[in-house]
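Only one chain comes next, encoded as structure tokens, the form predicted alone.
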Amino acid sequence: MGDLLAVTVDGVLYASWLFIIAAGLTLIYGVMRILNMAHGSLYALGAYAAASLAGAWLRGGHAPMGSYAMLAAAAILVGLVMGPLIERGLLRFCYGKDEVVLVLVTYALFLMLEDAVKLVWGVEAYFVAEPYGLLGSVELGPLSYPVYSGILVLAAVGVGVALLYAVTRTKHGKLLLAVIHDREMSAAMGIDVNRIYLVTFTAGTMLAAIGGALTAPTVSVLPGMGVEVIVLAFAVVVIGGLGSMPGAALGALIVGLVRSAAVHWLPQVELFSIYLVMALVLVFRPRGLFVAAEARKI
């Protein structure tokens, strides 16, 4: 029972982290039909910015609890700066082109951002572990987990609820759904599609940065950390269905539990297990478990 509890808790924690990142990726694809290869680099930027801001705050002798505010500020800053910069400065010139072209454009952006990270922060690892242990730990039966891990779960739930409310309960959410179903008709009806795209890409960028900022206290922040993340995020959205937010949540939970079970019981197949699940899902559901609604063209 102890092993099963550990697998379940570890899987939920890992799924929470994955969902925050995958939610941004699937949001951008669902609205803009852009498979953003640079999403992993935006995650890395969030981690580097969080490590830098929180580290500077702690080195300055300020209250340690303020480091959590620095993590949040770093994510917001990266989202508000990089989102509009990329969308207005690059992607808007590519709208209407084939999706493969957009994938290549974002892949080129990914390579440039990876080098930009090395240029700004160098190749040495950054550490900001204080926020991870600051809140202490909690006992779950025979297991002990840092309270900080609960922040990841709460953040994932908060992201899911906020996105659900924004899309289904607000005026801007209704406009967003209209653009998803038919961009040309939405523009003809007076909806500012360009503004919808700008807000969507900025929100997706901010979600990637939030994932990076929350991860920074738990790992060594170093070059290349965005590569593995983007692969895992793609696995999640492919399993759940491209453009589907419930699919992203289910896909993250499946990947989290499968990885956790492999780590505990069969560690030599940890990475393979994720892709095995993805392959099995695609054999029976080629478009993923949840297929986003599409407008039928007549």
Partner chain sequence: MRPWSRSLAATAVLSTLLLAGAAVAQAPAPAAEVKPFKIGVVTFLSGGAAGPFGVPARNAAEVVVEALNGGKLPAPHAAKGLGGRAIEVVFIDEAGGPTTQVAEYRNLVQRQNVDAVIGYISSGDCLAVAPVAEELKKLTLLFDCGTPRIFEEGTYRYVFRTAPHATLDNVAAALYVTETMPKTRKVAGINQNYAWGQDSWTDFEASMKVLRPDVQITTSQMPKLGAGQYGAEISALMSGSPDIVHSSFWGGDLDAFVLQAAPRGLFKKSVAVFTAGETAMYKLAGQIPDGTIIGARGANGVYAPDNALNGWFRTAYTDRYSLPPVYPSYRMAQAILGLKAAYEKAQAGGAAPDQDKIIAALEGLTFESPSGTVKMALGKGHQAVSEAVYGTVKNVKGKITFVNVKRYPAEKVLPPEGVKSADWIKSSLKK
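Just so you know, these numbers come straight off a predicted model, no measurement behind them. Positions refer to the first chain, counted from 1.
Omitted from view is the form predicted together with its partner chain, to which the following refers.
Engineer: Does its partner chain come within 4.5 Å of a heavy atom in each of Y68, V157 and Y165 in the model of the complex?
Structural biologist: Spot residues vs its partner chain: no contact at all.
Engineer: Can you tell me if V263 lies within 4.5 angstroms of its partner chain in the model of the complex, counting non-hydrogen atoms only?
Structural biologist: Contact check for V263: yes, within 4.5 Å of its partner chain in the model of the complex.
Engineer: According to a 4.5 angstroms non-hydrogen atom cut-off, is M185 in contact with its partner chain in the model of the complex?
Structural biologist: Close contact is absent here: in the model of the complex, M185 is far from its partner chain, nothing within 4.5 Å, heavy atoms only.
Engineer: Is there a heavy atom of S137 no more than 4.5 Å from a heavy atom of its partner chain in the model of the complex?
Structural biologist: So S137 counts as contacting its partner chain.
Engineer: If you check in the model of the complex, is E124 within 4.5 Å of its partner chain, heavy atoms only?
Structural biologist: Yes, E124 lies within 4.5 Å of its partner chain in the model of the complex.
Engineer: Heavy atoms, 4.5 Å, its partner chain in the model of the complex: which of 215 to 223, 202 to 210, 173 to 181, 75 to 83 makes the cut? Say which one.
Structural biologist: Residues of 215 to 223 come within 4.5 Å of the partner.
Engineer: At a 4.5 angstroms cut-off on non-hydrogen atoms, which residues of 119 to 157 are near its partner chain in the model of the complex? List them in order.
Structural biologist: Residues within 4.5 Å: V123, E124, A125, F127, A129, Y132, S137, P142, L143, S144, Y145, P146.
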